[in-house]
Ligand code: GLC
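Just the one chain here, the form predicted alone, laid out as structure tokens.
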């Protein structure tokens, strides 16, 4: 009999029923393995129930639902390969594995990086040379034919995109990478599936069970009521949030595109289905789930149907499922929302630290580009100082670029606090990075302009936004050098702010905008493909030549990787406290650590800047040593000097 006194009375009764449902699927396992599963079930059961109860707990069949869910987890655990059960035990003992200063992520579309999953293995030497410990394999699950939102309209969550390989190939590449100390991340889209998914096809065929997997309506009465408070994600490509489907004879909720049907998470069968999918993928060797479009999962009339409390409950329950059956798996929430909403995806209040392991620090990325354009860090300093505190058990995913557009998530109150207009600053940033602002070095493009709201976003590769494309066209050595320094400034910031730094494919080589997308009719209307290039392996070879752009960037970036590895202050559990540097061009923060403080400084200007050493002395750095260059600073003058776009990690 397990000790279940820490469970509340209802959870205790549910646990006893659920444990009985485990007996048959666990029966073929050795007794020790059965015990391990049951101990994990007991440890995380309250978290599971606390996530499920607010959503489904008022239903008469709630106990049966929980038992079915736990039985599914037991079946998944029983089918788990021995090597992954061993990894589970290791991660039980090292729950901070994803927080360590040795973590480095690399993100790519499989077809654009290597052609196939087999091709990823062929380029393993490239990943190990960069000291990658985490790869995000994008668009790997089977998406619908034709338009598919870059692979995010999934037709079958359990199968691989046919041109990339099959399930065996995915399992093999996960195994090969794991043996090299590299964890695989795969997207699981939670808000919607493709209109070609089996669930959608069976709904079209009139099966009531599957019709209830989606939000559908006989007429426009309810959709029109919801539209009153909804935003449009793609106002130019896919206006509105509902689509009439003739062969269904109903309106379907389609937040993103007409071919992406929003899932009805108020139906507990959807939860069961997604959990089974995650168990299946975890047993293939996937170690990180990037949970896509999570902000939109729950619908509430009169709201914008984003960031609803039920979303955080559902994510807590899904994470508890993984902790019980596949504890080596981490959850990363893809919620590109404002700071006050974002912190809930890591857990606040009763959900503190229980929702996701990792979340994207979109605000850090946005403020990096904002400060780079304005050469002024006051807005960045204020906004990030006001950022809510997060649990010590989580990690930010930090990045200067990803596969998506950049939306200027500048809070109006933050802007006003430093004397700016939020609207005017967002307009400036779009114009600057689209190359419409006089003196701009950037080459980007406006994406998803919404005339009704004035919202405009930006596409473009990191290198092109940082000025490298223009510099190479003009054969300008000075602008080339400054562009490289801007990129290294951004990576140094992301590598040290706290969390899992992510490098987007090609940024380590300075790959510029890929204009050839305009020749492909299936994607020609989506300018996000500017920054979704195919890997240029000829350029990658030039990383070995020190005088080339590729060599300078790759070598310097790898130097940052090594510096990060030798700096325990950068473990994600260490807090980041933003400082006022006293210089509007220099961003600063301190990371307190038992070994002493680390103070990081970043010059966002194209001119040298100086600071008083008093900033360091107040934090115990009398003889500051830079971890990046591995040298002591000369502070006899009482001043710290930073070169244009210079960066220092001082201990």
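In this text, all values refer to a predicted model and were calculated from it rather than measured experimentally. Residue numbers count along the first chain shown, from 1.
Unshown form predicted in complex with alpha-D-glucopyranose (GLC); subsequent notes refer to it.
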Do residue 443 and alpha-D-glucopyranose (GLC) share at least one heavy atom pair within 4.5 Å in the predicted complex?
no
Please check if residue 464 has a heavy atom lying within 4.5 Å of any heavy atom of alpha-D-glucopyranose (GLC) in the predicted complex.
no
In the predicted complex, residue 192 touching alpha-D-glucopyranose (GLC) (heavy atom, 4.5 Å)
yes
Quick one: does residue 495 come within 4.5 Å of alpha-D-glucopyranose (GLC) in the predicted complex, counting heavy atoms only?
no
Are all three residues 65, 265 and 319 in contact with alpha-D-glucopyranose (GLC) in the predicted complex, where contact means a non-hydrogen atom within 4.5 Å?
no
If contact means a heavy atom within 4.5 Å, which one of 171-179, 216-224, 273-281, 526-534 is the stretch that engages alpha-D-glucopyranose (GLC) in the predicted complex?
526-534
Report the residue, out of 432, 256, 113, 251, that has at least one non-hydrogen atom within 4.5 angstroms of alpha-D-glucopyranose (GLC) in the predicted complex.
256
So which of 387, 408, 234, 97 gets a non-hydrogen atom within 4.5 Å of alpha-D-glucopyranose (GLC) in the predicted complex?
234
Going through 140-179, which residues have a heavy atom within 4.5 Å of alpha-D-glucopyranose (GLC) in the predicted complex? Please give them in sequence order.
149, 152
